[in-house]
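For reference, the chain that follows is the form predicted on its own, supplied as structure tokens.
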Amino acid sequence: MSALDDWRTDLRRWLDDHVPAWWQEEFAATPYEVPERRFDEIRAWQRTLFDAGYMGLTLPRAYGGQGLSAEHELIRAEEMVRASAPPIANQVGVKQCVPALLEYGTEEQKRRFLPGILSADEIWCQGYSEPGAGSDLASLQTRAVLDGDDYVVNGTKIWTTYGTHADWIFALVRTDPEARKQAGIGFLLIDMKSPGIEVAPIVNITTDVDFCQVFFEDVRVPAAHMVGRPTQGWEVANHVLAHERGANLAMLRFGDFLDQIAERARITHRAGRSLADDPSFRQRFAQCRIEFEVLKQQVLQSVEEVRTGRKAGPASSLLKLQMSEYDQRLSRLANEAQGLAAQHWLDDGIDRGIWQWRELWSRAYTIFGGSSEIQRNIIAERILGLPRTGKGRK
């Protein structure tokens, strides 16, 4: 056996011994599905993973990581799915803030913040969108004015996931109002316990409260918490978005979802026969299975590119577009397999209503991180080389 095989065996045994019993009571697979009452337990689970050496596998040890390879990350993702292990609580921090700090942060910032992100000792949220700056993010108006050794921040952010739990927020702020939109933006790390911050929860379509609006009124933030130059925030933000849109090994869970849908189809009967024997359903299921295998290979290819040192670029928009829209098709197929029973909701429904929940939540996947329309524009302009809409017209 190779060293990687040995590592996989050790991880598999560890997961078999440590996946918490309370998790078996839930029917969730992603961080967004975790009931509010379980957040503290999910946070503790991430700390357990960290203490066992299963967080930040590719990060240097100096920053709380393990200094391992991308292959280890892939094995971890596969084994977490196999064990039906809980997700981590600090998804936003790990997926988005970590890449920003690794690429643009100072040595002091990396040592100060990265271990706490990996261990979930400090939960993070993202402050990008504003009431008047969503898809046109560069129009953001939240101001950060330098005053001595501090920035004074005023403005508001919206659709802030985990804002009610977060200890810190990484926010885009306007540092130079005279510069063109993209050139006058900074990337600032703000303590959510700072005086002048107010958090207003927002109820979403699934009836959960997992995002909110954050208000800043004369909030003082140390200038040392600016990541990169004060006007480099747009560059940092695009680096973060490329990682957010890129290879996400969590998509391996789609394979389990397909197995669950197949099982439901086998035990569901219509017109005297199993749904699994219906030619129309079989064709649609087969299409979803094929799309999953194609998507899986593309994600694995992206992981290999990262392993060999290639940075995430506009091609990450291809994965973002495919994964988000595939998620919607898969959830829709699962609900259609339930027939009239799909009208039931939450605990009254089949499989405790998780598929109804997933289909509603899946609408968000084609919005956050850049809508599908934005991803298609990026693909058209930066990959296919097509002209901007209206360019050259009179």
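Numbers for residues come from their place in the sequence shown, where the first is 1. All values reported here derive from a predicted model rather than from experimental measurement.
This next part talks about the form predicted in complex with a small molecule, which is not shown.
Site residues G127, T160 and A364 are all in contact with the small molecule in the predicted bound form, judged by any heavy atom within 4.5 Å. Exactly one listed residue, out of N238, Q141, S135, S194, brings a non-hydrogen atom to within 4.5 Å of the small molecule in the predicted bound form: S135.
The partner is absent here; in the predicted bound form, the one residue of Y54, W45, F368, Y326 having a heavy atom within 4.5 Å of the small molecule is F368.
Comment: 127-135 is the region of 221-229, 127-135, 256-264, 296-304 lying near the small molecule in the predicted bound form, near meaning a non-hydrogen atom within 4.5 Å. Within 4.5 Å of some heavy atom of the small molecule in the predicted bound form lies at least one heavy atom of E373. In the predicted bound form, F211 approaches the small molecule with a heavy atom inside 4.5 Å. Mapping the unseen interface onto this chain, N377 counts among the residues with a heavy atom inside 4.5 Å of the small molecule in the predicted bound form.
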